[in-house]
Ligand code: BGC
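A single chain comes next, written as structure tokens; it is the form predicted on its own.
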């Protein structure tokens, strides 16, 4: 009997326990290589700070620059493992001229908004600030880094290759802001770990499972044999840049096509199999295969699949697990008509295949990372997770937890996956608190 194409795709996208264990072992080996400064697909970037103890107290500022919209926050930490409190928060928008003009104009604009925030809320005491700067940066220490390149439509001149915090400090001085000290240059994945650690001392891993994918891990400082300056803490959080992991990964013809057609071929291979940015693109390629070879949609390609950017994760979620009413309403929006029962089953199956594979690969990377966590308890470890895949995609968090249990068996009973949001805001403030209390 002829095997159907969807059954062939199901076999190609199945991640067996042995494959997961292979990925898990490769992750641990790549972590060790990266910590030693040897060649590795994991960058293993030092954060130059340890995880929060939960005892940190005080008021700390966070500056979250991830795009044209950015935030300034004042966060109160009360110690005793209590949840941080956002005292005040404001969002500001940079103009096209500010993000594409002279670098000094960009940093002056940011400084002016910080001054406005402080003035509007009458915040006059001295504040330590954690700066989440979501662009490729080579860290030089906890409070400084050099911009490698701009992304996200930013192109401010005279900034690439220069020290970011120094430029921002100079701008704050020009704008007369004398009561703010930038003490930490933050990363959102490190921040996710820190935001949870402020209330849970057992947190040893931070994970982003949303548009992108990344892991931050708390390791013993003695494991880090590449240079980390004069850092003297017993543990340090490492930004793994896990989206770049490339060892022992499965690779179907659809993965290879997606990689070829991406703007960064050969890079971020794990992210392309896991993250919310790429899953709809992958599902689209499978659907195009079904249209061409199995005559789904009578062999005609709907406009939503002809365009590489129109099919979205929200569509996948509804087609896979939404009610019949929701799925047919979406079908009328996307295709101009209701789906037949056969069409709906095939589309749901495709979305299930790529999302389930994503969760199982992510679980293998997390399980491999857990092997190197410097724990504060032998019995338990908390994994702080942020991102829309984990928080919103139907069944994803359950699939992730089940796959980790499949890999680690009884040891997984002490592993807790906890949704932890706003690592770029609250997490940055916690990082500032950790640094300021050292």
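What we label the rigid core is the largest C-alpha set whose atoms superpose within 1.5 Å from one form to the other. Numbering follows the first chain given and starts at 1. Owing to the predicted nature of the structure, the values given are computational and were not obtained by experimental measurement.
Just so it is clear, the following notes concern the form predicted in complex with this ligand, a form of the same protein that is not shown.
Using a 4.5 angstroms threshold between heavy atoms, residue 176 stays clear of this ligand in the predicted complex.
Using a 4.5 Å cutoff between non-hydrogen atoms, residue 134 counts as a contact of this ligand in the predicted complex.
At least one heavy atom of residue 213 is located within 4.5 Å of this ligand in the predicted complex. Not displayed here, this ligand is approached by residue 189 to within 4.5 Å at the level of heavy atoms in the predicted complex. The single contact residue among 358, 320, 268, 168, judged by any heavy atom lying within 4.5 Å of this ligand in the predicted complex, is 268.
This chain is drawn without this ligand; in the predicted complex, the residue among 222, 152, 138, 292 with a heavy atom within 4.5 Å of it is 152. Segments offered: 81-89, 362-370, 194-202, 144-152. Contacting this ligand in the predicted complex at heavy atom distances within 4.5 Å is 144-152. Contacts between stretch 232-249 and this ligand, counted in the predicted complex as any heavy atom lying within 4.5 Å, involve 241 alone. Shown in the overlay between the shown form and the other one, fitted on the rigid core, is a CA shift at residue 333 smaller than 2 Å. Remark: with the core as the superposition reference, the CA shift of residue 66 between the shown form and the other one reaches 2 Å or more. Relative to the superposed core, residue 151 shifts its CA atom by 2 Å or more between the shown form and the other one.
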